[in-house]
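Only one chain is included here, represented as structure tokens and corresponding to the form predicted on its own.
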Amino acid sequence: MSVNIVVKDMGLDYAIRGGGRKGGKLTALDGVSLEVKQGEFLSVVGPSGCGKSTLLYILAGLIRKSRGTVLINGREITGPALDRGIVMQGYALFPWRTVQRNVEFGLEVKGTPKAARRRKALEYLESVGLSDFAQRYPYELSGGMKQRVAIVRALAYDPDILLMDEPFAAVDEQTREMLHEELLRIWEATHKTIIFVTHSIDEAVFLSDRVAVMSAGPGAIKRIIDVNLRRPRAGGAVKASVDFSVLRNRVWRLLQNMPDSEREGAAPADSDISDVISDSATL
């Protein structure tokens, strides 16, 4: 599998103004290095304020890095481009456009003829069960419906990479579970490269091929954990498994700055497995 995204020794500084600190700076990210393979589903977790979303916006071309290298398909990122789609937690749908015309937006920017973009939009809405809502407006949809529209809008113009910033944070737990299944179905069908920022350890482990754990600010990649859970994944069965609980606990321990026993080569004993399951039930 070829490498799609390469981040090497990347950092971001913000200038500090006022308070007698003229010329000072705040380092948000420092020494971030990461490689993401084509077609991979990578989640990024970390403490609040560690720069998870900032990293995503640099990859989207919305923020410029201060130093280091950020390449997509061997080319330096200089700004937003149609090879990347982005989905945010606030949906970011245009309230004056119908659902169908929201999905068509990227295709319009791409210069797709009207009939073709209408056909494509309806195909994507059909794929997520929203074809009957094509002529509705965003205010007429539930939170879960809006998020499905945001996802297919990002996919409709066929970007290579999908960047997702806590896209399910604003929906209830039942809707979130449904959207997890929907996103995995779409990913398995399209083979897009996905980078998914989340605060939820369960969400990260369930969805991903790998989980990147970031350290507190200035943010950096502390560890990347392989998620060797069989696909396709059914929520209830996977999350009830011991393997899921062990992986979840590894991520949690890294976020809590606790030793990672697997990294040190020690396989968990039976008593450790019980502790893992107990921890998972209470977190």
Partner chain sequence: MKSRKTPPLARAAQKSAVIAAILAAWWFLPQHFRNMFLPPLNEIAFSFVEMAKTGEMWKHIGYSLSRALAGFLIAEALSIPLGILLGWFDKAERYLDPLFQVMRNTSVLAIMPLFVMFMGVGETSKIAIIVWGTFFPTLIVTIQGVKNVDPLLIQSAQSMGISRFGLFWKVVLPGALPYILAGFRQSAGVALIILVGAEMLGANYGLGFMILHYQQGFLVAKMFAGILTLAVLGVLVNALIVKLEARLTRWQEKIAK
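Superpose the two forms; the largest set of C-alphas matching within 1.5 Å is the rigid core. Keep in mind that this is a model prediction, so the values were computed, not measured. Positions refer to the first chain, counted from 1.
The next section is about a form of this same protein that is not shown, the form predicted in complex with its partner chain.
J.: Where does its partner chain sit in the predicted bound form: which of 127-135, 107-115, 172-180, 193-201, heavy atoms within 4.5 Å?
T.: In short, 107-115.
J.: Though its partner chain is not shown, can you say which of L207, I77, M88, V213 has a heavy atom within 4.5 Å of it in the predicted bound form?
T.: Spelling it out, the residue with a heavy atom inside the cut-off is M88.
J.: Determine whether any heavy atom of Y157 comes within 4.5 Å of a heavy atom of its partner chain in the predicted bound form, and answer yes or no.
T.: So Y157 counts as contacting its partner chain.
J.: May I ask you to state whether R153 is within 4.5 Å of its partner chain in the predicted bound form, using heavy atom distances?
T.: It does: once its partner chain is placed as it appears in the predicted bound form, R153 has a heavy atom within 4.5 Å of it.
J.: Check W252 for me: does it contact its partner chain in the predicted bound form (non-hydrogen atoms, 4.5 angstroms)?
T.: Although its partner chain is absent here, W252 would stay clear of it in the predicted bound form, with no heavy atoms inside 4.5 Å.
J.: In the predicted bound form, does L62 come within 4.5 Å of its partner chain, counting heavy atoms only?
T.: Yes, L62 sits close enough to its partner chain in the predicted bound form that at least one of its heavy atoms falls within 4.5 Å.
J.: Within 90-122, which residues come within 4.5 Å of its partner chain in the predicted bound form, counting heavy atoms only?
T.: Residues within 4.5 Å: G90, A92, L93, F94, P95, W96, R97, F105, G106, E108, V109.
J.: Superposing on the rigid core, is the CA of S200 displaced by 2 Å or more between this form and the one not shown?
T.: Superposed on the core, S200 moves its C-alpha less than 2 Å between this form and the one not shown.
J.: 2 Å or more on the CA of L82 between this form and the one not shown, with the rigid core superposed, yes or no?
T.: Shift of 2 Å or more: no.
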